[in-house]
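A single chain comes next, written as structure tokens; it is the form predicted alone.
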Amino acid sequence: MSSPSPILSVLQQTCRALLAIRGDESTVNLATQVARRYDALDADARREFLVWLVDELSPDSAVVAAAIAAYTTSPGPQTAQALGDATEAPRQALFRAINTAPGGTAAVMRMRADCLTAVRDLPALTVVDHDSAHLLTSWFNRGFLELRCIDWQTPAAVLEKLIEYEAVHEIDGWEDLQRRLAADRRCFGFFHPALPGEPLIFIEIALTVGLAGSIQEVLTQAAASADLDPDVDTAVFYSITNCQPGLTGIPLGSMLIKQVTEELQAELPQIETFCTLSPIPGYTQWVEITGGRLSPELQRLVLHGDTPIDDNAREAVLTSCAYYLLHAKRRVLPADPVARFHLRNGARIERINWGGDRSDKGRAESYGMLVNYLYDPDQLADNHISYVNDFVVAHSPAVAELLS
């Protein structure tokens, strides 16, 4: 095995020193050096560093064995605590120390983002991902997060981040963004004191009369006047974007939807319905693999969209999509990742929308269909419990009728 690069060797030595010292000022200085030197590494050296975290900063097997023996001989709170201390990897202490530096939280997030990329080829890095995710979950718990309403008066630096990060429906410049922040729209984001001016996750909402079924109509609808339409009764969550790859898997989205719903209920008591307008990213691929109960001719017709299809063909595709959402599984959970997210939150599948996303991306993902997930505050808890305990996919009578 080739020797590590000089920069990597210095970084490793700095990490050892950081773990060995005691003292706030020295810790901050060394932690700052660790973050800076990690950022100076190229991609290959970063992977080597992450592997080093496994090789050198994993629990000592002899100490763990001794702690297990002590607990087995004399089980109790003290030996249990000693066992827990023995099994905690020293790299967790390293991450905590790095977090003391200015920008240290962001540095740990960058390390985890790199780990999530590298773990695909290096499964041994799963333990590094687990430890960093464990700490980030505690650092980014609801008590530390700040919910902000983002509007046209928000500092431009934050608004630029929305344009940069939007991952569901691309924002086409400042004019498009201004439309998304108009009187009949809302945008909320979570922020953290350790990352000032940097959104962690944000959600875009359209205030409508009834359920929205087409993202093109939502995005191209003429701007409302300064006053909100008094007939508005529905909040449509049409885009939610996680801005930080290092926070992937941390349940910020669930917390954001819950708090935004509460904010909207307080601001606009006439809003009675809270729903999403969501993509179905796995549907087309599932059809290609399984046939999806659709003939090859109908698959080609719907995918390319060169010729109008009749009502019977449309009904066949809607039925196939309903079957996918309700019955296609990844082990015991729904195959569709967006469905897993919303169903776990307690939402139900309310309506499947033909032609909901006519873009090339929408057609490639789901033959252009979108789905509404309904967030009924009175049913969220029951739906969540049924989903988690019994894998029940909550859905409306209209969706069930597609399969009858």
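Start at 1 and count along the sequence shown; that's the residue number. Remember, it's a predicted structure, so these values are computed and weren't measured experimentally.
Although it is not shown, the form predicted together with another copy of the chain is what the next lines describe.
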**Message:** Although the partner isn't part of this model, could you tell me whether residue 192 comes within 4.5 Å of another copy of the chain in the predicted bound form, counting any heavy atom of the residue?
**Reply:** yes
**Asked** Might residue 88 be said to contact another copy of the chain in the predicted bound form, defining contact as any heavy atom within 4.5 Å?
**Response** yes
**Request:** Determine whether any heavy atom of residue 239 comes within 4.5 Å of a heavy atom of another copy of the chain in the predicted bound form, and answer yes or no.
**Result:** no
**Request:** May I ask you to check whether residue 139 falls inside a 4.5 Å heavy atom distance of another copy of the chain in the predicted bound form?
**Result:** yes
**Message:** Can you work out which of 99, 319, 221, 261 has a heavy atom no more than 4.5 Å from another copy of the chain in the predicted bound form?
**Reply:** 99
**Complete:** Heavy atom within 4.5 Å of another copy of the chain in the predicted bound form, from candidates 227, 310, 297, 175, belongs to 175
**Location of another copy of the chain contact in the predicted bound form, chosen stretch of 286 to 294, 322 to 330, 228 to 236, 69 to 77 [non-hydrogen atom, 4.5 Å]** = 69 to 77
**Asked** For the stretch 141 to 170, which residues lie within 4.5 Å of another copy of the chain in the predicted bound form by non-hydrogen atom distance?
**Response** 141, 142, 143, 144, 152, 153, 154, 155, 156, 157, 159, 160
